[in-house]
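Consider the single chain below, provided in structure tokens and representing the form predicted on its own.
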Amino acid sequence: MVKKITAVIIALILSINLSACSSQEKTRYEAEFLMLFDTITQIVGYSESKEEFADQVQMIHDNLEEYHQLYDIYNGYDGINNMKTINDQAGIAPVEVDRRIIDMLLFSKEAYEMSDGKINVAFGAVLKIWHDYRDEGIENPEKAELPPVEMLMEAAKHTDISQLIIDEESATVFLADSGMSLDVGAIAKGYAVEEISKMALDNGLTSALISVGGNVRSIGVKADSGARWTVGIKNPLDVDGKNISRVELEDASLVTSGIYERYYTVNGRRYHHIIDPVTLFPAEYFASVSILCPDSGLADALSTSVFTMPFEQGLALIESLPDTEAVWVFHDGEIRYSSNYNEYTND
């Protein structure tokens, strides 16, 4: 029996079909649901009927829910060995897991090498400390404090990604270091968005824009006009959320990492959630970094890793990758772009 969306909000909005010359008319619809990956998912797409679009949205929701449960490091689910299961068994025993976990972790190891260690899913021991101190600081602002450096340094001893043992033949994952834990927050959502976008395309959705908490992935172009999808990049320094630029997407992704979402305040200073693996403290180079490239998983990994690099190092990485562009916003408001960024905007 097909599971229906009951614990989420979903709205389908019929709009006027502007395509008079199309041999097969398609209409624009919109949908939205909550909770998965702890954020809002929004879908805009063109379909031949409201029912057909609703079926596509249901498929996206159900598969995204499965990825959410598999990649969850905080909660367990009946009958599922997920990331939390792997962390709970650190130093104890290998865990047999779904192929979708293995593929994501293999991709994560590639991202680690590509970024010279700036993106490390084995960094969970350090990130958990920051997570706990941030939650406490938000809950009790008057008692907010920074983690002790000694605590962070001790945790950093348990972040060697070579201790993440993946056995593809037996479909197991093992953390050889008992003090180690995985945190896939910098990769998992983008990776999942890329995978469900491919599923949607295979399922017949050829014109859509999918956004999962700001991880944006376009499928094709707008069916009514043939124009590329237009997406704004928020100015992280503007309290009104104005855009610094608008990019045009066709079978491409846009992901931004910045200082304006998850943070807490200690002695009047904000501390955001993107931790530099070298300093063990929030990276201070930029206010935001936005990545434009075909693959949402790669865009997610790059947005975090480039955020923790000096500009010259990040630029060199971006320029070395095909069909990949970036936008950096500095704390003083300066904005810099990769060399071919203007090919994707009419600003």
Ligand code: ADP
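Residues carry their position along the shown sequence, with the first being 1. Being a predicted model, the structure only gives us computed values, none of them experimental.
Missing here is the form predicted in complex with the ligand; even so, the following discussion is about that form.
- Comparing 263-271, 197-205, 116-124, 83-91 against the ligand in the predicted complex, the single stretch with non-hydrogen atoms within 4.5 angstroms of it is 116-124.
- Taking the partner from the other structure, the ligand in the predicted complex has a heavy atom within 4.5 Å of a heavy atom of K189.
- In the predicted complex, P236 stays away from the ligand, with no heavy atom inside 4.5 Å.
- Within 4.5 Å of any heavy atom of the ligand in the predicted complex lies no heavy atom of G220.
- At the 4.5 Å threshold, heavy atoms of S181 stay clear of the ligand in the predicted complex, well away from it.
- This chain is displayed alone, yet in the predicted complex one of Q56, S47, T41, T304 has a heavy atom within 4.5 Å of the ligand; that residue is T304.
- Site annotation in the predicted complex: the residue of S257, S108, S253, T159 reaching within 4.5 Å of the ligand with a heavy atom is S257.
- Residues of 325-339 include none with a non-hydrogen atom no more than 4.5 angstroms from the ligand in the predicted complex.
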